[in-house]
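In structure tokens, one chain follows: the form predicted on its own.
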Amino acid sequence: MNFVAPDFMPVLPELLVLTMACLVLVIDVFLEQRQRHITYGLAQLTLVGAALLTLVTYAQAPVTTMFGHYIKDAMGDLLKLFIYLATAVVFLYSRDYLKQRDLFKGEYYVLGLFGVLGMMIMVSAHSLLSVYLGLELLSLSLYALVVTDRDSPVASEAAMKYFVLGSLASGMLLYGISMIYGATGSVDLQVVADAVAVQGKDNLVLVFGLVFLVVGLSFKLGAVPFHMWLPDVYQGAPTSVTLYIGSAPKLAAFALVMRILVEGLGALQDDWHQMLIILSALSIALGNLAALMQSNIKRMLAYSTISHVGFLLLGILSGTPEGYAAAMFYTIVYVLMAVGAFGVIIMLSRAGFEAENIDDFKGLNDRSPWLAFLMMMIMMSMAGVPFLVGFYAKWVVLQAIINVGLVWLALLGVLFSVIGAFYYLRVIKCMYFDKPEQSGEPITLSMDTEIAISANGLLVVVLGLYPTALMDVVRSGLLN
């Protein structure tokens, strides 16, 4: 049998990121600490190069390669562009934070690039095997990133919890994949979809495999009741790592759910629809209620993430193209807001001081009116205040589930959004109406960081006033 080489053109962005991550790893060994900016520059250059390659080879129609394990389509390319952008901003925000703590080392950027590679594989996975490989590459990078500060017992504890619980979730996912393979005889998502359409609910092995897959996916998303790791990891990890975990991987997780549930197991929609209703309702309720009781802002944003994941799942469980577009729009908007929120936390932190408590934001308006304004816009957008992009994101998701008759679930989402607005407004109150317990040092930012955080915060306002521009891009990505 003759070996036919696969078409490598669609995977050029992945090959570039892989090559550059290995190159950065080798070059960093020979650099002195004062030359570490070269590592940072190469990491940013890698993301720019990958974005250019993705744009040049942007998919006009779906193409599969690598023996059916990889698919290049418009949804995948669009999500990858947002992953590059989010990661580039994360690297920029983290630079000064890492320098102040003597953590400005090549490992952060190398692991960050390998994490991006894992996300890219997840986004373009066309088989359960490539899904698992991408997910594990991302997960292993995140486990190591959490313990970047090796002298911190809190970070070590968080990394251990993340690793143990993540291993259990990976085992569940792998068990589900093995059951799907046993029932269909293939790991190719198209073959699985065809087999599931024929066998449907008549095959109990398929249904049980689906349950294990949903459990594994729920853990990766941080949905209740598989959320136990998320608050501890967000709080225990260095803020630069929390910023990374809380942003781009959410885009890859959305793609993972779409690839497995919608494309591979769409014929079992009645089954996973019911499971996602329970997961989304619990996530919205518990996420908002638990966030009310937090005094640590990183834990508060962790529980906030759980509630946002609930809204993301609402769009997917609707089972309609409008719902999928709403969920993708919501994910992109959430990443934009999360990057901004954790970015401000990083900018308030300084050597020997972590701005982790809500009380640390007291009097921010007196110290830096512009940063306080940007944080206020981000908090109000997360709360779903009208005329900001977070409001429109929630609106389109709720509209999608109302259209399929789940009015009670929409009412639940609205109710807990109103309850959840309290903890966002508490941060705004601290910044504008409370006086700091001790005078803080003036906040100094580099020019590029100041431009990035300003653009980040203003995008929340601009997209809130003109959301259809981004929504049209999302719809075109899902329809092609």
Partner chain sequence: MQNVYLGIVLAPLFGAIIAGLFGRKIGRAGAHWVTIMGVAIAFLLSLVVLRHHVMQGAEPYNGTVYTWMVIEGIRLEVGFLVDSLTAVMITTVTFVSLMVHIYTIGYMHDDDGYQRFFCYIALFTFAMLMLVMSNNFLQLFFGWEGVGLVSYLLIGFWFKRESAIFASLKAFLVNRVGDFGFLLGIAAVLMAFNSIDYADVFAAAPLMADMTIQIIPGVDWSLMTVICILLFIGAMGKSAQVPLHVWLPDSMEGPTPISALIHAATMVTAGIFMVARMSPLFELSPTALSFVLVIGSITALFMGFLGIIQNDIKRVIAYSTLSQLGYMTVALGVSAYSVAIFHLMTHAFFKALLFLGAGSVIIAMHHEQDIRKMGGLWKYMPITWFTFLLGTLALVGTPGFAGFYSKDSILEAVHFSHVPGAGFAYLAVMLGVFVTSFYSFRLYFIVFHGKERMDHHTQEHLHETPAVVTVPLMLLAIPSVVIGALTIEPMLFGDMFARSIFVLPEYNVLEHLKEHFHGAISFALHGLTGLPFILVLAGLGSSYYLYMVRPDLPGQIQQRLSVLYDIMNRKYLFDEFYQSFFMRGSRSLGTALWKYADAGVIDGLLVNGTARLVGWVASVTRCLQTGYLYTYAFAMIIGLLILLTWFVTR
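Residue numbers count along the first chain shown, from 1. Owing to the predicted nature of the structure, the values given are computational and were not obtained by experimental measurement.
The form predicted together with its partner chain exists for this protein as well; it is not shown, and the discussion that follows is about that form.
**Q** Report the stretch among 326 to 334, 290 to 298, 76 to 84, 187 to 195 that approaches its partner chain in the predicted complex to within 4.5 Å, counting heavy atoms only.
**A** Careful reading of the contacts points to 290 to 298.
**Q** By the heavy atom within 4.5 Å rule, which residue out of E322, E356, E263, D232 makes contact with its partner chain in the predicted complex?
**A** Checking each option against its partner chain in the predicted complex, the one that comes within 4.5 Å is D232.
**Q** Have a look at E136, E107, D366, D271 for me and say which one sits with a heavy atom within 4.5 Å of its partner chain in the predicted complex.
**A** Of the candidates E136, E107, D366, D271, D271 is the one lying within 4.5 Å of its partner chain in the predicted complex.
**Q** Between its partner chain and V164, M275 and L286, in the predicted complex, does every residue show a non-hydrogen atom at 4.5 Å or closer?
**A** Yes, the whole candidate spot contacts its partner chain.
**Q** My question is simply whether H227 lines the interface with its partner chain in the predicted complex - judged by any non-hydrogen atom within 4.5 Å.
**A** Yes.
**Q** Residue-level contact is defined here as any heavy atom of the residue lying within 4.5 Å of its partner chain in the predicted complex; does F391 satisfy this criterion?
**A** Looking in the predicted complex, residue contacts with its partner chain do not include F391, since no heavy atom lies within 4.5 Å.
**Q** Under a 4.5 Å heavy atom criterion, is F219 part of the interface with its partner chain in the predicted complex?
**A** Yes, F219 sits close enough to its partner chain in the predicted complex that at least one of its heavy atoms falls within 4.5 Å.
**Q** Although the partner isn't part of this model, could you tell me whether I419 comes within 4.5 Å of its partner chain in the predicted complex, counting any heavy atom of the residue?
**A** Answer yes; at least one heavy atom of I419 falls within 4.5 Å of its partner chain in the predicted complex.
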